[in-house]
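A single chain, nothing else alongside it, follows as structure tokens in the form predicted alone.
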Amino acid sequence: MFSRILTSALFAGAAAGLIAALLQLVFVQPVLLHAELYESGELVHFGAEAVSAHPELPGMFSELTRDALSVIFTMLTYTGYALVMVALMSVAEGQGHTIDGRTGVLWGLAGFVAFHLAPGFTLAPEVPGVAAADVYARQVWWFATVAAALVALWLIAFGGNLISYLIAAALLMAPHLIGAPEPDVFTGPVPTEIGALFAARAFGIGLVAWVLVGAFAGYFWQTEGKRAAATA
């Protein structure tokens, strides 16, 4: 069982992480590099002269070490996510639920909701240079929100009764009713248009990555199960 979990998670996480990393290099990194120009003061928003919205930015893999490390880190991150997902898939299968590539898509959507949409509903992805509250307080709120969302989604999927659904709804709403830590004042040199584009692309690529993790995890879990049954 452990070998099946590990193999499925490694393949699923590495494949989804690689695709996500490449998408980030194409769509997210240019936005971050653009924001860094304002953070460093090289570009000034609302200055004496109008600033082009399309400055010359380094191309993809122009900083090979930085980009390669980003790819590796993303692959490792999604492999970790896949390990958790496949372990939970094994529990669900033990309870009689079907796990394959198609149902894996639903697992991936649940992962996106828990790790991206639920915390991002109040604490959106941010570009460098924007005002932010204390990092530790934000991390505590983020982890609590993700944990609450994971429990809520499990209750929605496998609870099967009204009480479970009501508890799930309360868990999903509670962190946002309490509210995330906010800065005392709003400051920052980066135009809001860049921040909005970064948040939109971060959510979009997060959705793609999680759907791929779920689909790959379900597929490899089913494939490894068939292979194990054939050799038994």
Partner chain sequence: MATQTKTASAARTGFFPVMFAVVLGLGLITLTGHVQAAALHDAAHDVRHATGFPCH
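Numbering follows the first chain given and starts at 1. As the structure is a computational prediction, the values presented were derived from the model and not from experiment.
Here the subject shifts to the form predicted together with the partner chain, a form of this protein not shown in this document.
Participant: Test of understanding: in the model of the complex, would Trp107 fall inside 4.5 Å of the partner chain by heavy atoms?
Facilitator: Answer no; every heavy atom of Trp107 is more than 4.5 Å from the partner chain in the model of the complex.
Participant: Is Thr77 close to the partner chain in the model of the complex, meaning a heavy atom pair under 4.5 Å apart or at it?
Facilitator: Yes, Thr77 sits close enough to the partner chain in the model of the complex that at least one of its heavy atoms falls within 4.5 Å.
Participant: So in the model of the complex, does any heavy atom of Leu171 sit within 4.5 Å of the partner chain?
Facilitator: Leu171 lies outside the contact set for the partner chain.
Participant: When the contact criterion is heavy atoms within 4.5 Å, does Phe115 count as touching the partner chain in the model of the complex?
Facilitator: Phe115: yes, in contact with the partner chain in the model of the complex.
Participant: In sequence order, which positions of 195-210 have a non-hydrogen atom within 4.5 Å of the partner chain in the model of the complex?
Facilitator: Heavy-atom contacts to the partner chain in the model of the complex: Phe198, Ala202.
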